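Take a look at this single chain, the form predicted alone, given in structure tokens.
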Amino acid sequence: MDQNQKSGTVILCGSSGRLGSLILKESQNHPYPFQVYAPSRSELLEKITQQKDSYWLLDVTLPEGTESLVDFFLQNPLQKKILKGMIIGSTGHSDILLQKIQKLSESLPMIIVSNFSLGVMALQEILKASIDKDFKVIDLLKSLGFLSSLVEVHHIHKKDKPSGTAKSLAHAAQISFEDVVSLREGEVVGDHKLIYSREGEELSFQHVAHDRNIFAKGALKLLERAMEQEFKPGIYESKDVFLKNN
């Protein structure tokens, strides 16, 4: 697919990072229906201010980078006119940054993603599944006396502990962040295991990422689905994008 066939525009923030470089490479090597621009950190705001056509912004920087972007749009409301929405893939946000994101979401769609893996998204929804209107699967496990734990393993370069993914899974499974066991070993891509145990038996849910490229493909698939739809201002999750209009 050549550039003339592209139906949308994406500005990628953080293209020099581990995930950002994979997203850029994947977008260049496969026919996605949008053009991805990856300005350097010093060129980013210039690219944004010069943009004439509508676009989506994909942020895979660090929390400091996310805060700079959010501050920019809060301080420059005219720059939001052609921005269709932001997908934030950074984790480890402070309470102050979360408040700023909430403020910006009053005028922009903000899709917050702790992990771009489609399998992790599915696992989160499994954990939140309901047996009936007021009773979840997690409630059943608790009522049967199962004790829960979560172990997450990542590569030694991972900075936040527990990871954003682990926090999302812990929230879905009603496990305290303080009870998450976080290990950092070698070059492990990502391994999350939820264990429910009681005397004589154990039930577990596990997601293992074998290839980092699943995150790049997941991010671009999320963008593709988001750009097919219209979103009102607000805060969204991955599942809101994939289930919308279905």
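One rule holds for the numbers: they count along the sequence shown, beginning at 1. Everything numeric here is computed off the predicted structure, so don't read it as measured data.
We do not show the form predicted together with a small molecule, though everything after this point is about it.
This chain is drawn without the small molecule; in the predicted bound form, the residue among 158, 136, 84, 100 with a heavy atom within 4.5 Å of it is 158. Contact with the small molecule in the predicted bound form, defined as a heavy atom within 4.5 Å, holds for exactly one of 62, 48, 36, 57, namely 62. Interface membership of residue 90, defined by any non-hydrogen atom within 4.5 Å of the small molecule in the predicted bound form, is confirmed. Proximity of residue 18 to the small molecule in the predicted bound form falls within the 4.5 Å heavy atom cutoff. In the predicted bound form, none of the heavy atoms of residue 184 sits within 4.5 Å of a heavy atom of the small molecule. None of the heavy atoms of residue 198 is located within 4.5 Å of the small molecule in the predicted bound form.
In the predicted bound form, no residue of the candidate spot (124, 239 and 242) has a heavy atom lying within 4.5 Å of the small molecule. Note on the interface: of 76-84, 170-178, 145-153, 107-115, the segment with non-hydrogen atoms within 4.5 angstroms of the small molecule in the predicted bound form is 107-115.
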